[in-house]
Ligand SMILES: O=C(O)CC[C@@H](O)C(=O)O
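This document starts with one chain, in the form predicted alone, laid out as structure tokens.
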């Protein structure tokens, strides 16, 4: 039992270990507390869509389970085959369809949490409305295991769409990306589930090292390419979730006609079946898998006002001139302002990170953005927290940490700065 383990020993809760900021990795001699064997689905109510499961359940397995009842998990990640729901909750993971289903703060109905003193805090409700006192569950969503260990979760699942439409567009500029996004919000409205973008460098890398090749031998309809097969400066992946295929396709066709007629999109393709939709998504999800083939990779997960997202990529590219072969590329959830900025170089230059990282964080701070959009702070970004949070806010966080974990035994050295 987790409550019997947590007493005096410093420990690091660990789920699928898919994070990017070292949040589930020991810094010194902490004990790793793996939750992988806590993988039971406790209940599912097909009337309300409320799922109760232990923290070690893999996200894909949960989605497969609720799919039997025509529901889906409100969270969808590229790492869904290995990440665990407890880790998702502890990092407040965002994912591909936050645009439609919202952040986890809105989907989590309740939690079971083991506190630093070994007490079990039972907040495991399945109610949509519970206004009795302070909503304590929100303290633990996104706290990265520093305030308590999440051992079970109840989460509101969404009805599974019977109609899924996917389109892939080639665009000439980032300004066109934002214009198409604006038109998608207005014309697709309630069925818009995802709006992703990637730049030309992402496309080249994904199709060169991934399993999808939209530029060569595979037919355009199979590979999810635009019809011309050329490389465009930018791409947009638009997905809808609905319950009426004819209605949804009519809306999508009107949207496509509008963006083509106005010159915002130069070319595109619509998935005609599940296989083609999967191939389109492989282009977007294959970027992170392909990046290690290019050399050393430096990853930054930030939030920015939508019009500024790719400007950061362009300015980082200017900073890379002194490192031969280094390349900056950008992709992400443009629908919710989340940019994945990646820098790849043929080798790991010792001074590259030391120069680029402060530049990125300061740029994001000056743009009133966030240095961590969906992967938390962990140990890698803890000292950079002041770029996003005020000293007063950090002091409040410290006070909460000291109250709930006075001995600092829960995931020490994470999230909060050393000073």
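Residue numbers count along the first chain shown, from 1. This is a predicted model, so every value here is computed, not measured.
Unshown form predicted together with the named molecule; subsequent notes refer to it.
In the predicted bound form, the residue from 276, 165, 269, 342 that sits within 4.5 Å of the named molecule by heavy atoms | If I apply the 4.5 Å criterion carefully, the residue I get is 342.
Select from the listed residues 251, 284, 241, 137 the one whose heavy atoms reach within 4.5 Å of the named molecule in the predicted bound form.
-> Looking at 251, 284, 241, 137 one by one, just 284 meets the 4.5 Å heavy-atom criterion.
Has each of 288, 299 and 331 got a heavy atom lying within 4.5 angstroms of the named molecule in the predicted bound form?
-> Yes, the whole candidate spot contacts the named molecule.
Exercise: residue 20 in contact with the named molecule in the predicted bound form, heavy atom 4.5 Å = Yes, residue 20 is a contact residue.
Proximity of residue 387 to the named molecule in the predicted bound form, heavy atoms at 4.5 Å = So residue 387 does not count as contacting the named molecule.
Would residue 375 count as a contact of the named molecule in the predicted bound form, using a 4.5 angstroms cut-off between non-hydrogen atoms?
-> Within the cut-off, so yes.
Using a 4.5 Å heavy atom cut-off, which stretch among 333-341, 186-194, 257-265, 104-112 contacts the named molecule in the predicted bound form?
-> So the stretch in question is 333-341.
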